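Only one chain is included here, represented as structure tokens and corresponding to the form predicted on its own.
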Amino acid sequence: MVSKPHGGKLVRRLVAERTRERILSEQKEYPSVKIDHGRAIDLENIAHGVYSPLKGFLTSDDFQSVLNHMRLSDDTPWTIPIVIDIVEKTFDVGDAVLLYYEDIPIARMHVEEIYTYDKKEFAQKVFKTTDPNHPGVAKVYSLGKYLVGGEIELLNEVPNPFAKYTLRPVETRILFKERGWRTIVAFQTRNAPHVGHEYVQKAALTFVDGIFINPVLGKKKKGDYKDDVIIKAYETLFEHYYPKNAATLATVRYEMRYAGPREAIHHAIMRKNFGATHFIVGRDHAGVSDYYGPYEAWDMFENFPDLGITPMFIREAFYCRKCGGMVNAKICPHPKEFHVHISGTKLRKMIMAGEQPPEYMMRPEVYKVIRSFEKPFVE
């Protein structure tokens, strides 16, 4: 069966149209807070149930419980603090405030608590480091003095150039049922697919009814594949190399924290809310640089027997010249001189140079789609 939402109920924090019109007509009467793109996307994910059971940003009890125990104060597994910060107090507990992103009122928030916090404790417990070179730590250090806890109601969606590829949890659950899928494995990606990805996905797909490819759209760094390139590349892969009713794709907008093992749990919870029953946990999942061990995220799942989604640990794939195909360390007996590891960095360099990768690295149809874009990478 499609998995139950995390916490038992799919959260929906959308206001009725009449209420929305009334709030917007009175918007000058509300205190306002400007938020960045990451917080706006968090709001959207709360409102549409991607972050179920959260109904808003964490209060101090939940915040401290997540830091210290990786659970909400009611003992529900939760590993990443979903918070909103302010520099100074311009409103009080009990107020309703409007949250604006680029002059668009995105949500109304009911202020339950305004509290201080320790940035170094936040960084150390979530990221296992206080090094400001870690992007997640740098983000924490840039936050304001106070955090604000309270429930939210979504008023407007954040403008989305990929709306036609976006499905909310309420929609994916219907889709999976319509397809007759009782077991669904989710795969998170930020890359165009190479043959190593396909190997891992199909290894997982062998054991379930369908695979849900869920590319993360959001802030990217130089050299990353552009969002539309990732989408088109997967559509081509599905068309040529997947059974017709075995795979589906929908995007999700989300700001990566690069919190390694903790974030792997968070990613699994998000996919559970979409309806997935299984989740592929990759090598160095949600890691950055060398802050985490390559399979540290796998060990983290042992702390959560009550997570409600089954992790699938599939080792990194490589091409073995002796085996004559894609394999992994568990099934290939040959020494390393026969192994060709697929490096995403190397692939990107080949593509930039107009050099077609060998077929054991990337499907020619996928390469052709990527090359059809004048500028497939973020500059």
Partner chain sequence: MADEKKYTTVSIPKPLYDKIKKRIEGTGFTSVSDYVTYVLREVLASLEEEEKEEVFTEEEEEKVKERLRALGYLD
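Positions refer to the first chain, counted from 1. Source: prediction; values computed, not measured.
We do not show the form predicted in complex with the partner chain, though everything after this point is about it.
Here the chain stands alone, but in the predicted complex its contact with the partner chain, taken as any heavy atom within 4.5 Å, falls in 177-185 among 177-185, 290-298, 262-270, 193-201. Using a 4.5 angstroms limit between non-hydrogen atoms, residue 61 touches the partner chain in the predicted complex. Proximity of residue 218 to the partner chain in the predicted complex falls outside the 4.5 Å heavy atom cutoff. Not displayed here, the partner chain is approached by residue 71 to within 4.5 Å at the level of heavy atoms in the predicted complex.
In the predicted complex, the partner chain sits within 4.5 Å of a heavy atom belonging to residue 308.
The three residues 50, 224 and 370 each lack any heavy atom within 4.5 Å of the partner chain in the predicted complex.
Exactly one listed residue, out of 246, 82, 86, 170, brings a non-hydrogen atom to within 4.5 Å of the partner chain in the predicted complex: 170.
With the partner removed from view, the residue among 114, 250, 96, 143 that has a non-hydrogen atom within 4.5 Å of the partner chain in the predicted complex turns out to be 250.
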